[in-house]
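Read the single chain below, which is given as structure tokens and is the form predicted on its own.
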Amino acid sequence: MDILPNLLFSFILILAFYFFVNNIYKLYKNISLGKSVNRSDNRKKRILNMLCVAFGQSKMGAKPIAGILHIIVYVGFIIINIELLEIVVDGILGTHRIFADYMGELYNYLIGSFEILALLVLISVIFFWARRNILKIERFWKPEMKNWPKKDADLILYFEFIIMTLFLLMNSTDSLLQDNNYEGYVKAGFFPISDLLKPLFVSFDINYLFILERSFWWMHIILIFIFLNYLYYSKHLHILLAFPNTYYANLNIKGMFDIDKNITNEVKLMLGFENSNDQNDQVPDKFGASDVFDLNWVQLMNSYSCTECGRCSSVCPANLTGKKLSPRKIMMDTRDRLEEVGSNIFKNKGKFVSDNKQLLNNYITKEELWACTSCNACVEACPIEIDPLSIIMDMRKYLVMEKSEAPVDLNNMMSNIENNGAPWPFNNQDRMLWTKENN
């Protein structure tokens, strides 16, 4: 038996796995640049949330047609991985459909279901491509979706289409080789879709048919390996990160903001409560966030998890009224800056060398931050519970507390609260004068 193909496959498998692990490690290192945050509470609720939102796709139903098609692609991706496992084992051992011997009739039903799923995935991919490129749905054509994000979205669809097509072509030629009792091709599998493609190959010489089947097999698995390592550079990274992202999501009631103990202590000290500072609390070097180093690791993971679907921006009242703010852009900018910082640290052997840039101003403008109404619509709409609002509020905190750069109207309001006990510019002693005017 010629073991060269098996050795070649094993080498490619190890190489693909090496690059994948390297990318995951790079991802972990970048996310670890974030500040610590405790999301270890209520473990049972977090597991249920992950199973419901990430695994169960519960929030995709907000847009039923797209949601159903996305679920088809998602289920296809999960289930067809069983087929991928068999290909890997066959590639290493030089066998043919090795699982068939152990699974019996169940194997035929599985292969048949894989084929139907592959067809449904092809239909879904065509639909998704048409929505982006023919129907041109508005949220896919916003300013932040130009250039690479647009190319990336289309490239993913092309990947999925070609991978599924190769899967069906591989099965079609495989089925013909089985019909002709070709050496090494045992009768195994049920091919309801691939059999429809047999007329394309039935006239081919049996040896040429074998070359075609092997070509489709190799192209299919190599393209999967390429796609696996492309994930890190793509919005499709949410395939992996949706699960930890929903597990570590903020479980507090929407609209409930965390209280910064450091600010509370500072206020109490100003009011004369000298013993307000807990000995375990340390005054931070900076209030709020101006760069990715100031965000917590969950926020950084959120940025990598973003699917760029635009559901957040499509419900944002600021965005809908023509303001510059786009919650999707906030997450994309955070990820781009984090990638830039990570590359800087890697090039400088673990140390960040100042590049005279930061997330605030160089990526996200003050105009965007102050356009936010803090309504939480973006958080509610996100299919995997990403929280752009938390980043916006942390950056606002920095502007107010570190730079004193709040908008004029907001500064006036805070001055009025300080001096008059209310947001309006009226002395509190005159507060009830309006009643006399109405008598």
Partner chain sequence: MKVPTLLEMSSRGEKPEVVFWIGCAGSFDDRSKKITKAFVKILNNSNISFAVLGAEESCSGDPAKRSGNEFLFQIQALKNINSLNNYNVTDIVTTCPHCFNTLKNEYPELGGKYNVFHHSQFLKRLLLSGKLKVEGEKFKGKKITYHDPCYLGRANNEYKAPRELIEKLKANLLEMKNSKSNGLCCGAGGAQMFKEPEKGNKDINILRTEQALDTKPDIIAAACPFCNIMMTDGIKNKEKDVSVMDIAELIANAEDL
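Because the structure is predicted, anything quoted here is derived from the model rather than measured. Positions refer to the first chain, counted from 1.
The same protein has a further form, the form predicted together with the partner chain, not shown here; the description that follows concerns it.
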TL;DR on 196-204, 135-143, 91-99, 260-268: the one with heavy atoms within 4.5 Å of the partner chain in the model of the complex is 260-268
Residues L110, L168 and K187 all lining the partner chain in the model of the complex, heavy atom within 4.5 Å: no
I'd like to check something about P192: if you look in the model of the complex, is any of its heavy atoms closer than or equal to 4.5 Å to a heavy atom of the partner chain? no
- [ ] Verify the contact flag for I211: yes if a non-hydrogen atom of it lies within 4.5 Å of a non-hydrogen atom of the partner chain in the model of the complex, no if not.
- [x] no
#### Entry: Distance check, L48 to the partner chain in the model of the complex, heavy atom within 4.5 Å
no
| query | Is there a heavy atom of P407 no more than 4.5 Å from a heavy atom of the partner chain in the model of the complex? | reply | yes
The listed residue (S32, T373, N42, S58) that reaches within 4.5 Å of the partner chain in the model of the complex by any heavy atom is T373
Contact with the partner chain in the model of the complex, heavy atom within 4.5 Å, among N348, N147, T321, N356 goes to T321
Contact check, 392-429 vs the partner chain in the model of the complex, heavy atom within 4.5 Å, ordered by sequence, gives M393, R396, K397, V400, M401, P407, D409, L410, M413, M414, I417, E418, G421, A422, P423, W424, F426, N427, N428, Q429
